[in-house]
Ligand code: HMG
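Taking the form predicted on its own, here's one chain by itself in structure tokens.
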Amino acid sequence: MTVTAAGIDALAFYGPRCYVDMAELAEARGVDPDKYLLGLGQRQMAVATPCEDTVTMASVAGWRALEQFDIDPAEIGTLIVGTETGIDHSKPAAVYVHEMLGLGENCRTFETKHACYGAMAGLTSTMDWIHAGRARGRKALVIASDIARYGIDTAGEPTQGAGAVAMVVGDSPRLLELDPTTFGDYTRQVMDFWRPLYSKYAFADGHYSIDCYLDAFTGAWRDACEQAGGRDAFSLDNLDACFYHVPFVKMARKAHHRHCETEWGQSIAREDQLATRVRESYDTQVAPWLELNSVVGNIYTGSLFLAIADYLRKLDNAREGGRISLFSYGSGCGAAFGTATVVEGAGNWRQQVDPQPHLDQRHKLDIPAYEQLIRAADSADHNDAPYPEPSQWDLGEGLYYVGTRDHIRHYSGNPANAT
């Protein structure tokens, strides 16, 4: 079987039903709101209730990708859930999602973990699966689903968030065609961010992690150049948009600055003449597609793809056929840089990609309610914990985690009913 293309055929986002206003959080913490609003670039932060977890968000996002793009679940031959907030040390979240979506038994299913790089690992793996002819005409479903939680009144608190981005990958993509000749990789063992088995919360060296992120970009970009036999395929002059892993919006600015330095072969200080060119490039190729990240927050494996969703929901016909770059970074660390082409007609799917109707129905929490929620979520998955009740958090119809009994997780509802 000869395959000429592989790429993203469908995409959908789903996140928690609650959020916190970042200005209100700053005021509660005695911090200048501009530290969060401008310093981080965050306006709102999605907060998962005790009834929302990796499985529920992934299942709803996956269902929406299939439903809104009219894809039969029987067409899915591979399901991969990329996450660093799995719900079991052994049993993958993907198996639960497989059941929730009613996928066939002849579907391979697994979970990928490499901090925030897990979903990109799944995406490139399915690209290889298709090009190798193993798909046999079927599609793959790759879902990034995570909850970034650092605890109340901690340094990482304003960089929390939660959500899932589901992508259907096929050989006749309607949104983005991935170019396998331009993907470069990078791996190095570093201790910038990690979560031991005994801890619910991650440990991080924030400044060091930013340095590792930027070094990984340079390494992956250089490998991509070698793979492509040059840099013309992803020169900034030839890119319509540039996408990066976005743990907080301001990080995309830092990443693009490094992108420019790497391509142009020199360090660029704020007072340099080239700095103006960097700002102009950022304002046109990066900044317009960060609105969703600013109102959802850090969703780990899905952060890069949330920015891509923002781009696709705003797509006009003039951008079809254009080339975009993608950079994924996972602490610890692993990274990939590559490019994709916007498929002709992708703009016809703007409404299906756009999660704004869902976001408009979210409920804003005041700070005491947010803190109560976080404390309740800390132990909701313990075997001896009280069963979490969706009604307690004013949750409507949907799919919810409802407690662990006899060490087995239980779910209630249907992903098709989520709003």
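Sequential numbering from 1, following the sequence displayed. All values derive from a computational prediction rather than experimental measurement.
We do not show the form predicted together with the named molecule, though everything after this point is about it.
- Remark: all three candidate residues (116, 159 and 331) come within 4.5 Å of the named molecule in the predicted bound form, counting heavy atoms only.
- Think of it this way: in the predicted bound form, the named molecule has a heavy atom of just one of 389, 366, 32, 394 within 4.5 Å, and the residue is 32.
- Site annotation in the predicted bound form: the residue of 121, 326, 241, 251 reaching within 4.5 Å of the named molecule with a heavy atom is 251.
- Contact check for residue 259: no non-hydrogen atom falls within 4.5 Å of the named molecule in the predicted bound form.
- Although the partner is absent here, residue 247 lies within 4.5 Å of the named molecule in the predicted bound form, judged by heavy atoms.
- Contact check for residue 129: every heavy atom lies farther than 4.5 Å from the named molecule in the predicted bound form.
- The closest non-hydrogen atom of residue 339 lies beyond 4.5 Å of the named molecule in the predicted bound form.
- Here the chain stands by itself, but in the predicted bound form one stretch of 176 to 184, 199 to 207, 270 to 278, 283 to 291, 199 to 207, has heavy atoms within 4.5 Å of the named molecule.
- Residues 298, 300 are the ones in 283 to 304 with at least one heavy atom within 4.5 Å of the named molecule in the predicted bound form, listed in sequence order.
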